[in-house]
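This document opens with one chain alone, in structure tokens, the form predicted alone.
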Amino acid sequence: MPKTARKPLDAFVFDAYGTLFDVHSVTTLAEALAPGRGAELSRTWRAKQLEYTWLQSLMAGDGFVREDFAQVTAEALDYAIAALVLPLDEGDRARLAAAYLTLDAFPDAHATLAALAPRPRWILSNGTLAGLTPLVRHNGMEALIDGVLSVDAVGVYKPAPQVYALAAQRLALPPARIGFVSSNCWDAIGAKAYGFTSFWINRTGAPIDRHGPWPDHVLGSLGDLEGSDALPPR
């Protein structure tokens, strides 16, 4: 990893799905509905969900209107069920889709957000406001999150620079003074390319992607963010 000069950070912006909220917490329900296949269903669903966001961003134009994240998530679930040849009915599908409104927060998410106060702490997500608001409420994070920004405001998914610009404009700060935190390497790279001070939460020890500028910091968990050498002082 290249060494990056320490910069003052005045605010933090977090990805939601996979970073603050565990998308694979749906595995318990998936396993109950498809015994022995729950983890595989969750992995396939998530992989196709992300793929569809990238493809829809590329396809969007006069002849095709980008679908929102709820619809993309539903279509990715349909694909995963078909690909794995699972005998799930419409009721099962509806229960799985609804589980995205009650995903579990990662165990260190609350403490990390609390420790970063009084800096502003925002969410910037591919998700819809209709999906993110109940998710924040379900996890009791209303007092820990200062606001939520959705890609729907610009009509394109991450890692398009227009998305990251939403946070810089809303916070009225130079991008380098905003810490952007994501567990998705491609997202952390997109944020770095835009100009944020980027933190990749690499929980699995995965190799870094090579398609763009490396994140400024790679950490093993959200809990490593506050109090670590990677976190510059205010």
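The shown structure was predicted, so the numbers you read here are calculated from the model rather than taken from an experiment. Throughout, we count residues from 1 along the sequence that is shown.
Just so you know, the form predicted in complex with a further copy of the same chain exists too; it's not on screen, but the next bit is about it.
Novice: Flag Ala83 as yes or no: does it have a non-hydrogen atom within 4.5 angstroms of any non-hydrogen atom of a further copy of the same chain in the predicted complex?
Specialist: Output for Ala83 is yes: heavy atoms within 4.5 Å of a further copy of the same chain.
Novice: Within a 4.5 Å heavy atom cut-off, is Arg121 in contact with a further copy of the same chain in the predicted complex?
Specialist: Residue-level check for Arg121: no, no contact with a further copy of the same chain.
Novice: Any of the heavy atoms of Leu173 lying within 4.5 Å of a further copy of the same chain in the predicted complex?
Specialist: It does not: once a further copy of the same chain is placed as it appears in the predicted complex, Leu173 has no heavy atom within 4.5 Å of it.
Novice: Given that a further copy of the same chain is not shown alongside this chain, does Asp78 nevertheless sit within 4.5 Å of it in the predicted complex, heavy atom to heavy atom?
Specialist: Looking in the predicted complex, residue contacts with a further copy of the same chain include Asp78, since a heavy atom lies within 4.5 Å.
Novice: Out of Ile189, Ala168, Val26, Leu41, which one falls within 4.5 Å of a further copy of the same chain in the predicted complex, going by heavy atoms?
Specialist: Of the listed residues, the single hit is Ile189.
Novice: Counting any heavy atom within 4.5 Å as contact, can you tell me which stretch out of 152-160, 98-106, 111-119, 134-142 lines a further copy of the same chain in the predicted complex?
Specialist: Of the options, only 152-160 has residues within 4.5 Å of the partner.
Novice: Spell it out for me: taking a further copy of the same chain in the predicted complex, does every residue among Leu58, Ala193 and His211 have a heavy atom no farther than 4.5 Å from it?
Specialist: Answer is yes for this spot.
Novice: Is any part of 30-56 within 4.5 angstroms of a further copy of the same chain in the predicted complex by a non-hydrogen atom, and which residues would that be?
Specialist: Lys48, Glu51, Tyr52, Trp54, Leu55, Gln56, in sequence order.
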